[in-house]
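So this first bit is one chain, no partners, the form predicted on its own, shown in structure tokens.
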Amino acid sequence: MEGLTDGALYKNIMRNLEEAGALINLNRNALERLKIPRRAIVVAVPVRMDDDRVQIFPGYRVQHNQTLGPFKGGIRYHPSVNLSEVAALSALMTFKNSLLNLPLGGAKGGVQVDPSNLSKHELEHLTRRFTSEIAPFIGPDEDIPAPDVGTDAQIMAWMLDTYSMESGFAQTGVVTGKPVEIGGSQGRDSATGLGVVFIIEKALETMNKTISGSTIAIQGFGKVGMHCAIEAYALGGKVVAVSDVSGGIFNGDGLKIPEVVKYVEENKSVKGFPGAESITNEELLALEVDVLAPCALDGVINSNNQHTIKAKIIVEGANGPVTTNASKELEARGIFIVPDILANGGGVVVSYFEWVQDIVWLFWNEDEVRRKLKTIMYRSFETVWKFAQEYQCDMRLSAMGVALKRLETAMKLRGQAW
């Protein structure tokens, strides 16, 4: 499976899978099936650019496992997208959906492109052509894409429209994370960040602390990090630092997050925000805070910089921000880590809510969505925490163990493992 399973992130996830599998004595046949995605789709996406030349972009959709239900996972547009990264993220979605007790399998997709370099016209053409290429493999009962890094509600709307045109009638359930006006769910934009905050609350609770007054540093100020900061601030959390690709800002007395959000809307970056000290992303990671929430890309905390980490708790808002080796070193130092498949599950939970609402054509208000999300995130944390106490292991192993137990049971019942 060269090119599919040889990336660092994929190998990282497989090490976690093997270790958790050994911990719970996972059925060997189930383990082997979970190591390799069921299907990997590689497509060429030709786009006629505004200057009339045709440019080809590589596109991917990897469907990892559908034992529990239809494939589910985001679509990302980023220059670093490759087959192995998408395969790794599809596996994470399988484990995340299982852990959160959702009736969904795992998938991920992406196009290797920098969307900031495209005009709106080019972006629409890219999205529609990519949707056409993967259309035979997606659908409301087969595989349901959603937004991810570099994609948003508008891109989901174009995907919905393209798929619906090709099928001959409206298929609102084919994607989630779309605008509310065409079947999207209230609360979807803030869901992942809000879910991270619910997990921060529960993690602090294990140390007899509350979020009110606790110091928090958030790396990444995109869809996840920004909403994490907004929700943590609203609950009284002292968000002392945030960052984006341009660098970070720090104020030991706490940043006024509504003002930071307004500044970013006007300036497209946190850089230069008045009343705060400029810091690098590496300096943000090394701050002495109660909670560090890395909400950007994977591998930002690794064996090279783990010794600089001083936070008491790390809540993984991004996928794979702490490598396996670094995670073990940090845990040995007494730093409490809540893994990605639990911490950033809010997005897929509300995506599930949206899918259900589209199927029955009955929609909930935002308060209902937030209340239901809180119930699932709290319950999932408590399940993982209890498992960790029972097996005397860290939260990463525990989360994977909980996910694997449910998958193993379902695979045995379906005759996929024996």
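Residues carry their position along the shown sequence, with the first being 1. Keep in mind the model is a prediction, meaning the values are calculated, not measured.
Although it is not shown, the form predicted together with glutamic acid (GLU) is what the next lines describe.
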query: Triplet G195, K202 and T383 all within 4.5 Å of glutamic acid (GLU) in the predicted bound form via a heavy atom; finding: no
query: Interface segment, criterion being heavy atoms within 4.5 Å of glutamic acid (GLU) in the predicted bound form, picked from 30 to 38, 345 to 353, 366 to 374, 385 to 393; finding: 345 to 353
query: Contact test in the predicted bound form: K178 vs glutamic acid (GLU), heavy atoms, 4.5 Å; finding: no
query: Non-hydrogen atom contact D244 with glutamic acid (GLU) in the predicted bound form at 4.5 angstroms; finding: no
query: Exercise: R188 in contact with glutamic acid (GLU) in the predicted bound form, heavy atom 4.5 Å; finding: yes
query: 4.5 angstroms heavy atom contact with glutamic acid (GLU) in the predicted bound form for E231; finding: no
query: Proximity to glutamic acid (GLU) in the predicted bound form, single hit among A88, A146, L292, I249 (heavy atom within 4.5 Å); finding: A146
query: Partner-contacting position among M93, A217, V338, V174 - heavy atom within 4.5 Å of glutamic acid (GLU) in the predicted bound form; finding: M93
query: Heavy atom contacts to glutamic acid (GLU) in the predicted bound form at 4.5 Å, residues of 48 to 84 in sequence order; finding: K72, G73, G74
